[in-house]
Every structure is written in C-alpha cells, then in structure tokens.
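First comes one chain, alone, set out as structure tokens in the form predicted alone.
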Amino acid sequence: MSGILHVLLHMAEHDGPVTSEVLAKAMSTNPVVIRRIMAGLREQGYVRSEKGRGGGWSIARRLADITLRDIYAAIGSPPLLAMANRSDNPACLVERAVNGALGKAFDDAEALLLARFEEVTLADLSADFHAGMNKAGMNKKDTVSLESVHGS
C-alpha cells in the first residue's frame, strides 16, 4: 500500500501520463505487476491509461476525492495485520480462549485503522509533501522527476 501511494503521489506531481516501466522502476518490480495494480485502480476510476506514444497512467479524480480506504479497497483489501490466531487445534479450550481475546483485539485494531484510512485523502498526503518542500525552501522546479528519484 505504501508503495502504491508513493507512486500515485509522484503521478499527481508529474505533468502527463507515466509509463508502467517508469512506475515499475520506482517500485522495484516488473511492469506487468504495475499494470495489474493499476488495472484495479482504473476499474474503480482512480487512474486512467492512455495508449501509444506519450501514453501511460495518470490520476483520474481529484486527489481530495480519493481516500486511503478507497485505494486499500481497490487493491483487494489485503490483510492489515501480519499476526493471526493459531488454528492448529480448534477443539483446544485454551486455543479458543486465546483466539477469542486476540480476535477481538485484531478486529478492533483493524476497524480503527480502516476508519483512519477513510479520513485521509491523497490531497492530504500531497499537502504534507508540499509543506515539506516549502519548509526545505524548495518549489516544484526544484523537485526531481519520478525517473531520476528512482534510478533511471
């Protein structure tokens, strides 16, 4: 999720579409992986693609209209927590007691995280980025391109 948000913010700063190859370099992955991820975001209307010379991916909505929850759902709502209950012996009363307690805590943590995702938009992230640039005395012409930041 962090990598996808990173790429989306770079795309928002970029003038014009960005190719899958450039995005793949930014995420240290294969362009096929990028196309698969972006296809899910395109299906939900968050990005669009243009074919041919000068084509690529671009943001399709206002950043203020896209929440972290939207992106999370568009990428298939992957598990939020790496920890999970054991299920080696479901008949074990100790395991059931532990799983019951942990399960409630995991559910509460996930609900809290998803509620926070609902509150944060890509515009909020972009504003934080721009505030950091201003604090550093930089402006848009001082920023480097997605290609140069990520090693092409």
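All of these numbers come straight from a predicted model, not from anything done at the bench. Don't overthink the numbering: it's just position in the shown sequence, from 1.
The same protein has a further form, the form predicted together with the DNA, not shown here; the description that follows concerns it.
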With the distance limit set at 4.5 angstroms and only heavy atoms considered, check whether S2, H10 and R116 all reach the DNA in the predicted complex. no
If we test each of A84, C92, V33, A60 for a heavy atom within 4.5 Å of the DNA in the predicted complex, the one that passes is V33
The DNA in the predicted complex has a heavy atom of only one listed residue within 4.5 Å, and of D65, E110, D124, E50 that residue is E50
Which of 66-74, 22-30, 92-100, 116-124 lies within 4.5 Å of the DNA in the predicted complex, heavy atoms considered? The stretch 22-30
(request) Report yes if any heavy atom of G45 sits within 4.5 Å of a heavy atom of the DNA in the predicted complex; otherwise report no. (result) no
